[in-house]
Structures are given as C-alpha cells and as structure tokens.
Ligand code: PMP
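Single chain ahead, by itself, as structure tokens, in the form predicted alone.
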Amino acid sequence: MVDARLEGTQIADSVIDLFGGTPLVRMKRIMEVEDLPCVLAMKMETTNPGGSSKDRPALEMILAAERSGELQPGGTIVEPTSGNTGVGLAIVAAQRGYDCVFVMTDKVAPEKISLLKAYGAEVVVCPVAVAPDDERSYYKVAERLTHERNAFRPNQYANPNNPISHTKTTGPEIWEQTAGRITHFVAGAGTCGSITGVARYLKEQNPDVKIIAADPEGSVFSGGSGRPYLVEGVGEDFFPAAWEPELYDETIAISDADSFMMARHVSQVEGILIGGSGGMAVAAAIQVARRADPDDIVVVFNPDSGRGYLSRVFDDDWMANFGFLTECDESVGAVLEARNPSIENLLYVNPGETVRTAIDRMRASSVSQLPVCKNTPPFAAAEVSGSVDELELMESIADEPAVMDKAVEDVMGDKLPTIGIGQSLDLAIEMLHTAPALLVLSGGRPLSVLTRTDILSFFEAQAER
C-alpha cells in the first residue's frame, strides 16, 4: 500500500519500483571511430538498482513464486549465478524478507562475491572446470542446497518468467525509445532470457527486426562444446529452456580477447564502463552496424557495469598474465617465436593417461615437464590440473616400479606457474629461479611450456647475430 504522504512527490515507494525504465544512448564516439553508416545505440541496463539487466527477471520470478505458493514468507532462495541475477534476487529478497544462498563458479570475479555478501547473502563457490552433471558443479550444488534447506530455486535457466520479464518491460521500452524504428537488436546469450524476451516483443511489432545473438567462442550457441572461455555471464555448455533459435536471425561468436579489449575501448572512448559480456555484445554489434543501411538503428544490449570486473578485464596485470596484453618488445612471445619451429606448441598429457605414456611423450620431444590437461585442445587455463616432471617421476619409479602403469593424476605435481605471452622476459627469468618451467598463456588459453633452456637458446641466438 502506497503511503499517502508520498502523493504528489517523486519519491519511489521502494527500490523495486526503480527496476526498468533504463535509458537508450547513441554511441556517438564509437560510431565515429568505427566509421559506422547507421545509428548504434546502447540499452543501458547499468542504471537498474542492482546495476544489471537481471533485476527485471529477479523480480518477476519471485512475484510468480509468491503467487504460486512456491515461496512462503520468511523462506530461502537458492540460485546458481554468475553474480548479476544474485544481486537482483538479493535486492528483492531484502525488501520482502527472504534469505538468499548463491552458488557461483571460481571463474567469477572476486568483487562479485563480495558484492553478494554485502547484501547479506551466503555465497558458495564451486570449480568451473567440471561437467554440469558433476556433483561439484554449481548446478548440482545448487540442487543439493535447495533440497537440504527446503528452499525455492528460481532456476533462471528454465523459469519462463525470465524471458517474460523482458517481453513485458525491456522490449516495449526499446520499441518506444526508438519510435518503432529499431532494425537490429544485438545481445549476448546466456540464460537467453533477455534476448528471447526482447525478441518475442520486437518480432510481434515488426517481424523484419533482426535479432543477433552475440556468443563467446566455445559456447554451444555458436557451435562449440561449452569450453573454454573466460568472459562471464554469457554462453553456455547446454541449451537453456529460453533458447529459441527460430527467433534469432544470426549468431556471432566473439573471442575473449576481442570481448575484453572492446570493453576497455568502449569505457575509454564513450565513458561508459562496461564488462566483458558488454564488450562482446558491442563487438558483435559493430560487425552488424558495418553492413547496415544508413537509416538503420542498431540497438546493443549492455547487461551490466564494468565495476564488477575491475580485478579482471580492467586490471593490466591480470590481462597480461592471461596473455591479452603485451608489456614490452622483449617478451615471452619473442622466445617462443625464435624457438625451433619443429617443437609442438603445447605438449601435454591427460590425467587418465599412464605415467609410461607421459615418459614416452617427454622422451620423444626432449622435454622435461608436461602440463596435465583435462579434455582436448583448446584448453582453458582452469582445465590444467597439474604437471609431471622428469626428475620427480624418476624418483617415484625408483621407489616403486609399478608407478609406470599408474594414471598420471595419481602422481602429478602442482600446476606450473603461468605467464602471459606478452609479459617481460625479465619476469620469466625471475620466475624460473624457483620453478622448473612456466606455462605460457595467450588469449586466456595455455599455449606452450617455457623452460630455462628455451631462454638460454634465445640469448645464444641473439649473441650470434
């Protein structure tokens, strides 16, 4: 019930009443820099109270659960999330008296975990490098906690109220803000709630509006297996209930590198601080805009702010360590380029292969260490589970010959320290004082192993020039 004392004022009754109604802004500077022929505009979901588009479905899902009786007064909400849905749910829960438990992967930036805790939520972190049906996956952990705590799980991946929220609010806002002249809508696909919900409304108004899904390279939406990629909150390793490909006219895959660099570019050129998924969407939207007609209006959906990625996308050290930035000319990459081209870039062994296989592989390539990687290339850094070292294996086999036929995962050592391909050679030398070898990352993925011998050979070749 609205307080009568608020009549005639512009004071909202609660923070929930501020969900939606986000502005649409022309990306004037990007249009100039990229020499785009049409209008490119961004839907600024960052102005929602929770800082993201997920406020909308969070409210709709909780209201629907209250109507159905699934969520009772004083109840508990459990949800797996990359952060933004959790914030929206936490805000609504605070207003309506519910407890929250959120399950996240260790890929998520630490500031997102801190943010959810700031709202009073409990956060459980799970490993990202496990299959969805693994008991340690964040899907399975969320299922277990829901059962143990007799909680309500909104399940944004399957809840029809996720896309419904965008059909009811976001779609109509965009249609009105463009005076019905929108020609293209570009958005990332994750739970698919936003892109599907908006697409339903826009296609009803004008079937000729083009819907473009931006997707991380490696995600199933653009034909990948679901791995590996670092951009958060978009892409999947399965098809959620809201995935409706008949509504989408095109899917554009964008690399982690292009997503992150575009996020930094937009933030610096437009003064709009966006995250990696926003960078991915803008990179795809620019591709669309370049081939559009002068009278077209391309709307790109920016789901959240870059403030949730300050320790990742906007941290030069993190970006350099994952091989997205080059710090200097005399870098690790220069050593790899000078190395014998007959040396395979990434030699590795799988956890289930035998020690005998690992030894044969090292002997055949004259190397002393191998990273232990799950699955097959291309790998995510998180899929590197350990390493094997020639000396350590020799000592183990001397003590117990049967080690030869054991699985590598039973005897492997710690992961090799990582270094980015663009980081300095001086840093590599410093790290090799205590490490037998380094795992080189490029574009967020393991590329090669760097040893002391590689650096000595590089210096020797330089001296002979």
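By rigid core we mean the largest C-alpha set that fits within 1.5 Å across both forms. A quick note: this is a predicted structure, and the numbers were derived from the prediction, not measured. Residues carry their position along the shown sequence, with the first being 1.
What comes next is about the form predicted in complex with this ligand, which does not appear here.
- Taking the partner from the other structure, this ligand in the model of the complex has no heavy atom within 4.5 Å of any heavy atom of residue 259.
- In the model of the complex, at least one heavy atom of residue 191 sits within 4.5 Å of this ligand.
- This ligand is not shown here, and in the model of the complex it never comes within 4.5 Å of any heavy atom of residue 138.
- Not displayed here, this ligand is approached by residue 304 to within 4.5 Å at the level of heavy atoms in the model of the complex.
- Interface residue among 92, 289, 212, 234, judged by heavy atoms within 4.5 Å of this ligand in the model of the complex: 234.
- With the partner removed from view, the residue among 229, 309, 322, 102 that has a non-hydrogen atom within 4.5 Å of this ligand in the model of the complex turns out to be 309.
- From the list 346 to 354, 312 to 320, 296 to 304, 178 to 186, the contact stretch for this ligand in the model of the complex under a 4.5 Å heavy atom rule is 296 to 304.
- Taking this ligand as positioned in the model of the complex, none of the residues of 311 to 327 brings a heavy atom within 4.5 Å of it.
- Relative to the superposed rigid core, the position of the CA of residue 166 differs between the shown form and the other one by less than 2 Å.
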